[in-house]
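Starting off, we have a lone chain in the form predicted alone, written out as structure tokens.
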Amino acid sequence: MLAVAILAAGKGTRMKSALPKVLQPLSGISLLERVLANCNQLEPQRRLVIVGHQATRVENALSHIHGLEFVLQDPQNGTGHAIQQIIPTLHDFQGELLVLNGDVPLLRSRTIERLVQAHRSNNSGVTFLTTRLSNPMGYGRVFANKQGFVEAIVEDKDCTEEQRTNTLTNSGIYCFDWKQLASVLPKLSTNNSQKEIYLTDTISLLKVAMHIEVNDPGEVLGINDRSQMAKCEEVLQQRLREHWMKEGVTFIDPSSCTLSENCIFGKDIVIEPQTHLRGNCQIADRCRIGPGTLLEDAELGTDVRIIYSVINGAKVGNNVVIGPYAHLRPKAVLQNNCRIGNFVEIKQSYVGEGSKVSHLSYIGDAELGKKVNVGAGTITANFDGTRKHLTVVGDYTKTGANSVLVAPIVLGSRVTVGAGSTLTKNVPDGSLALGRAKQLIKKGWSV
């Protein structure tokens, strides 16, 4: 059996944030959620989250994840003290305990599996991950022989100058034999410069301790401040881009673009520079997106072209052209072959097949039929100061420049709206609608 314990009790003071460190977002997902997701493939029988600082807030943030057990560490007196808190919870547990850190989000699932499998095969009291760092300042040093048997771990602050020359560092990721660990946990003391109870002190108390070296230090990067957060974001984004480039997506300037892990791409897609995708984006084949475009929770059909625009929570059909400088807001739905042009905003509206909203328009709470041509500057006046109202425009209808459609209103099919009109009443099929004030000319006005 396997239990997972995640250390998530620290304050994270160096983040300079009111938000607990483990809830800081990395590509839209909290650090702690990422750590939990990384071990899902192992299907552990128990998942324990050790909380402390803002414990209730952390628990509430994870309330959507079923099967978690929360253990309170109060006060927070070191990693060994944290694991001591789970002794009552696991008093009858038989198996391995995998210990992960809530601020180490980039560890790959396959690396965790490798650790657990190695531990089960070597019958040691503990097996843990190590890596070599060019600048190991702040990390505990691991002293081991060539066979991988560990003699000791010395925390950076407790190292001598000679010990600090060792670049093999402890990642803080362990797989223990729980029965052996539980027997030595009560023996830990605060006899160190920090006056804390270190989990690393169990290494010398267990009969056999072994390590596995991770070749990619990026996997075990911990996060203590905003600078380290940015480095982890860079690693994660590089992984995502490389994955999708192998799947047939072209990035013109990869380093200038960012993705969400929940993005799904088809084939032969081109992502132009300075394009960013957030949330659950689904992009079908042969789309060309950007430059300078932001998509969030957007769904695009095939052969869509978007330039310098923002698409948020919208659904776009096939062969649609958007931009530059268009804004599609949540619940905007565009059917096939539409054209949305310069400085157009569409909110919670349906735009039928082949319709065009080419420039300088706001379409909100509206239903447009097929092959509607919305003239420049057309506005659906959907708000009366209290409630939103619906505008319906029939097939093949055309609105002239600078028209205002005051909702609730229905325009039939094949209607023509004269330029500069403000309409407040329904218009039947095949009609011409005009709503202009009388033009006045006063001669001799200027002298």
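All of these numbers come straight from a predicted model, not from anything done at the bench. So that there is no doubt, residue numbering starts at 1 and follows the sequence shown.
If you look for the form predicted together with a small molecule, you will not find it shown, but the lines that follow are about it.
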Within 4.5 Å of the small molecule in the predicted complex, heavy atoms considered, which of 202, 335, 258, 170?
170
As a check of understanding, the residue in 358, 302, 77, 274 with any heavy atom within 4.5 Å of the small molecule in the predicted complex should be identified as 77
Heavy atom contact within 4.5 Å of the small molecule in the predicted complex, the stretch among 307 to 315, 263 to 271, 247 to 255, 97 to 105
97 to 105
4.5 Å heavy atom contact, residue 282 and the small molecule in the predicted complex:
no
Hey, in the predicted complex, is residue 125 touching the small molecule, heavy atoms inside 4.5 Å?
no
The small molecule contact at residue 375 in the predicted complex, heavy atom, 4.5 Å:
no
Against the small molecule in the predicted complex, would residue 130 count as a contact residue? Criterion: heavy atoms within 4.5 Å.
no
